[in-house]
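Here's a solo chain for you in structure tokens, the form predicted alone.
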């Protein structure tokens, strides 16, 4: 009888450890580049759904990536959240392969074929302007518009060394302008005109608050302020832009691997994605969500003029040397 009772206790304990949402134990540490409000919501909702404590550690993608690499031999984080496809692909040695529960739902362009990362949302690079400072006629229509001296100190742009999205924006300009020396001369002119911030959030917050007349930012950020009735408008660049994937990965060798897998399953799931697009305007990578009903005014991706020959692989390979060039330019012009 004692042996039978002991066996039952072991079965119950095993169930407590493996069944999510019932008596799950432990924690998951998520290194996130997302804004704090979204982090707080995701942590609370994940804990409610699974019973697992979620600790969010927030910083920019550049800072976070450096931390993950510095901790490579003894990771303190379990999940990397909010990284661009360029950064995820450029650091595959840092990620643990895992194919999420809804793996087959996601199109091939939004995931690594070996399960090293999953793209949960799609970001479109846009311009944002303050309607009280810039009229619709004066608003920038193309990337080249910002080369005009009239935009000096009037357009905000995040330092690409601190932001994956800003690096993507930099590569859009380089691609459109030919990618060679002439393109870099134009980038230098752009950076000379720009008010360079050290965080992406300072761009869209600054435009919404009237600190900057315009800024180069991400679609979701501009729509969040539009939803909040800030005096801002969104411009999809007429000469082309990029819609890039942002996603998550499990950090290789992490301490809470099972909980990290549960977090990726939950964060990529239908209900979590619906909640995130409705509250934070982040366009979902899942094709089974009608986001237009959740974000009035956000146009379908097929209506966005995307650069057809955008060479993401090239820009990933050249990231280190390109960021060094940006550092050199900023030292000269700022």
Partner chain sequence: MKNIFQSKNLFWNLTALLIFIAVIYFLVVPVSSVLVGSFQTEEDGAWTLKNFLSFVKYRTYWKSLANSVGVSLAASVLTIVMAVPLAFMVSRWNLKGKPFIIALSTIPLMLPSFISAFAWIILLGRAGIVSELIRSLGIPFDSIYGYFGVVMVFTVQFYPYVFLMTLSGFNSVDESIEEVGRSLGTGPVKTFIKVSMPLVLPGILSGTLLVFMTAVENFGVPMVIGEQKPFLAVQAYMEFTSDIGQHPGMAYALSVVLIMVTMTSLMAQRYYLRKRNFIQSARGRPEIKELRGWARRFATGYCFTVVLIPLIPFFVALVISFLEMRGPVIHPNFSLQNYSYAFSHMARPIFNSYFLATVATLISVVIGVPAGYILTRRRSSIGDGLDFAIMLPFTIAGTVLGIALIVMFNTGFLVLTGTWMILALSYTIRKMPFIARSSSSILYQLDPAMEEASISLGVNPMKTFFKITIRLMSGGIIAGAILTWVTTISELSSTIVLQTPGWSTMTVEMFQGILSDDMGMASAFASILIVSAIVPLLIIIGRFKEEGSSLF
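In this text the structure is predicted, and so the values were computed from the model without any measurement. Residue numbers count along the first chain shown, from 1.
Beyond the structure shown, there is the form predicted together with its partner chain, which is absent from this document and is the topic of what follows.
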Task: 4.5 Å heavy atom contact, residue 62 and its partner chain in the model of the complex - done: yes
Task: its partner chain contact in the model of the complex: residue 242, any heavy atom under 4.5 Å - done: no
Task: its partner chain contact at residue 189 in the model of the complex, heavy atom, 4.5 Å - done: no
Task: Partner proximity in the model of the complex: residue 199 to its partner chain, non-hydrogen atom cutoff 4.5 Å - done: yes
Open item on the list: Given a 4.5 Å cut-off on heavy atoms, tell me which of 102-110, 140-148, 116-124, 202-210 is the interface stretch with its partner chain in the model of the complex.
Closed with: 202-210
Open item on the list: Only one of 263, 225, 95, 129 gets a heavy atom within 4.5 Å of its partner chain in the model of the complex. Which one?
Closed with: 225
TODO: Could you check which residue among 270, 44, 70, 299 gets a heavy atom within 4.5 Å of its partner chain in the model of the complex?
DONE: 70
Task: Contacts with its partner chain in the model of the complex - residues in 144-181 whose heavy atoms fall within 4.5 Å - done: 160, 161, 162, 163, 164, 167
